[in-house]
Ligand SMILES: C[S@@+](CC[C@H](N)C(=O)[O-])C[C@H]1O[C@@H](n2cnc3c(N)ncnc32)[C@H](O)[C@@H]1O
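Only one chain is given next, in structure tokens, and it is the form predicted alone.
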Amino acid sequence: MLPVKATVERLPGLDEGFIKPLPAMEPEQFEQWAALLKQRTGMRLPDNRMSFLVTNLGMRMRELGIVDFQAYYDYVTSGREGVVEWGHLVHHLTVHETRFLRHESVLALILQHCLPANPADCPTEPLGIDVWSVGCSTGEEPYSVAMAIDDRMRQLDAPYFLGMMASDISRAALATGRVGTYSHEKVRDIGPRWLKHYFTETDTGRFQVSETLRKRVCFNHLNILQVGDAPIGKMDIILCLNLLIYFDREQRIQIANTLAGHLQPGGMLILGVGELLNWEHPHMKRFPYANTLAFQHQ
């Protein structure tokens, strides 16, 4: 593997002579960083992702004024300051593309098979709905699901309780989700009716999730490999989308088995399409639905 040059960030108003590029990352350094990422998050970083690593390390290193990959590695892995710094760095390395209503087929599955279809299907007592968004990033996924559920239950005029847990390894991403303010680009796929009901446009042209909806989503810091140690109850719906692809097959199976153990009987586990092939579990059965990979607890 050849060394990869870091991209130089050019600041407005500065000549090239003022910009000091980061050094090339050597293969041994890539292996060192990849091993650290796998040890602390479980995520694997294949050789063809060196440019991704260089770019994202470089972003954080420039913020700190560090220009050497080895010096930054030593800093991240040493003492209390290193622990704190890892919390900042993990955001750059693990937060991926997300947007509202990204998985329309998943929302359709939830509406058609996890919720009442008409008033006659609703129980006399308020319906409790517990949902877990695993790897929630900056909150677009759990808010999308919460909007879909709330809209359906309001149309049915049915009382309900929604317990929406949203977890991620990045504290910075969770902070964004808790605030619930997004750019116009992020909300571009939301229809006018939902945008009017669930958001308020701010003076700066951003969109703030309504307080009522934000109160229904609880954001929690959680490493997916440590789920077994977390006090998590039984869920009706668990979403784990576009996350398992970053783990090897053995870890994918381990994670899926753990998530299955947190489902209510009849509950639904929804994974990213193609993320886990030929998975078998004694209490889970594949639930066929277009453009989804879903399993129902038996």
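Because the structure is predicted, anything quoted here is derived from the model rather than measured. Note that residue numbering begins at 1 and tracks the sequence as displayed.
One more form of this protein should be noted, the form predicted together with the ligand, which is absent from this view; the next part is about it.
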Wondering, does Asn242 line up within 4.5 Å of the ligand in the predicted bound form on heavy atoms? yes
State yes or no: in the predicted bound form, is some non-hydrogen atom of Glu97 no more than 4.5 angstroms from a non-hydrogen atom of the ligand? yes
Since only the chain is shown here, I'm wondering whether Phe247 would be in contact with the ligand in the predicted bound form (any heavy atom pair within 4.5 Å). yes
Can you tell me if Arg214 lies within 4.5 angstroms of the ligand in the predicted bound form, counting non-hydrogen atoms only? no
If the cut-off is 4.5 angstroms on heavy atoms, which of these, Met165, Leu109, Leu222, Ile149, is the one near the ligand in the predicted bound form? Leu222
Only one of Met43, Leu259, Ile232, Leu57 comes within 4.5 Å of the ligand in the predicted bound form by heavy atoms, so just point that one out. Met43
4.5 Å heavy atom contact with the ligand in the predicted bound form for all of His103, Gly135 and Ile169: yes
Residue stretch of 195-203, 136-144, 119-127, 181-189 approaching the ligand in the predicted bound form, non-hydrogen atom distance within 4.5 Å: 136-144
